[in-house]
Structure formats: structure tokens, C-alpha cells
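What follows is a single chain, given as C-alpha cells, in the form predicted alone.
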């Protein structure tokens, strides 16, 4: 359906199905006709690729993905949008809509069943209120996917694509860089949506690594340490990590010495490699 970027057409379809927007579900539908074709083009899909989409809304991006991918599977939580999607995606034979909560779906099973023999990428306009949890689930589940191309709030894009060791970095930056390499593709103004949100957005791409980008001896310990280190950003890592890991100051000082890191450093000043070295040094002591 080519007219899905026309506000009048969108309103007609939504009115026909008695649909009203839900603020709680973060529903803002794209109406800028140039954005979705660019996302579909840049997500890495082709006629041999399967695309997993999360939160298709009324299917604007889904339509574009169907044109370039071998198969598209869209996970939509809102049951009210199912008849809307049935209408807007009617012309495509290579799409399947699943009514489910992506946070509760067994994605390994879904990918195995729906995309057998295909390379797989994720492409989605993510709800702002649950952006980080969805991204972390997709990465932490270690799914057989090549890349995540997602639209997120601009501020979130800045944080996700920041360099580890910079002032903009945080715990989620470290996690994203552990599993992938992040790049910002292009910005999207708030006027590109209906209804218009109060913030601008950006499209980013996370190129998923075949294996983590650093070697750590205990992933659980590494991420617990990272979360503790960034939980109190103004404190030194000595104060934040020792309290978070119930570690004595002397033991932590020894770990820092072994890792070649100053215990008075702040988390945002440490590189991914330095954080990994510190976690490994703590592991050896514990």
C-alpha cells in the first residue's frame, strides 16, 4: 500500500478500524515518506534475507521491508492493530504478523522456524519507553542475527553509539559495544511522526559481532561490575564497584593494580578493554 505515508489515508484506515493511539504503548506512527525506504535499504536485507520487525504499527516500514527481503516477520503487541495490518499488508505474500510481546517470545525458536536457511536482520521503529530492554534482549539472547537497524530517541542514539570511555557513555553503551559495533545512520525529526513526539529521533545500526569484542572470564560478573560502576557516575570506581560487588577496598585495589587501572578513575573514563581487564582481575581475586 503506497499511500501509508499520507496522513489522510492513515486517519481513514485507523478510523475505519476504530483505532485510537495509546500513549502507554508509545505509539507514534511514521508519516515521513522518505524514512522507511532508507531504513529498509540500509538494514542489510535482500532477497535471501529474513527480517524481524518489532512493533510494525500500521505497517509503513513493513511494506518497505517486504519489497527488499525474502520474508518479514513482524511482532505486534497491540491486538487492535491486527486488522489494520491485515489491510495494509494485503498485497504482500512474504510477511507474517505475530501477536505477541517480544520480551516474552522465544526468539531463537521463532528465527529457527520462520527463517530457516536465511541470513537474518532486525529492523524496527522501537517504542521509546522500552528501547533499551528490547535492544539488550536481542543482544543478550545471542541470536543468529547480523545487524539491528532501529529508530530510537535521539538521546538514546547518542548514548548507544557513544565511544566507551567518553563522557556520553553508560552501562548500556558498554553492553552494546561488547556485543556489536554501533553506528548512527541518520536523524529523524519529530515532525516525521503522527502524533508528533516531544523529541527528535535517529536511526542507528548495530552490527552484531560473531563473538564478544573482548574476552571476559565471567560475563555475569563483568556486567554486574559495569552496572555497579555506572550506577553512581560521580563516584570513583573504587566506591561504586566495591559496594556493588561487596568487595573490600584492599581486594579492589589489588585488582586495579593487576589490571593497570587507577582505583580513583571514574567509570566513564574507562575503555571497553580496561573494563574487561578489571572484571577479569576481580574474577581472579574472588
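Since the model is a prediction, treat every value here as computed from it, not as a measurement. Numbering follows the first chain given and starts at 1.
What comes next is about the form predicted in complex with a small molecule, which is not displayed.
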*Would 54, 77 and 101 all count as contacting the small molecule in the predicted complex, using a 4.5 Å heavy atom cut-off?*
yes
_in the predicted complex, the one of 69, 229, 43, 60 near the small molecule [non-hydrogen atom within 4.5 angstroms]_ = 60
*Sort through 188, 73, 81, 176 and report the residue having a heavy atom within 4.5 Å of the small molecule in the predicted complex.*
81
*Taking the partner as it appears in the predicted complex, which of 139 to 147, 164 to 172, 180 to 188, 120 to 128 has residues with heavy atoms within 4.5 Å of the small molecule?*
120 to 128
*Can any non-hydrogen atom of residue 28 be found within 4.5 angstroms of the small molecule in the predicted complex?*
yes
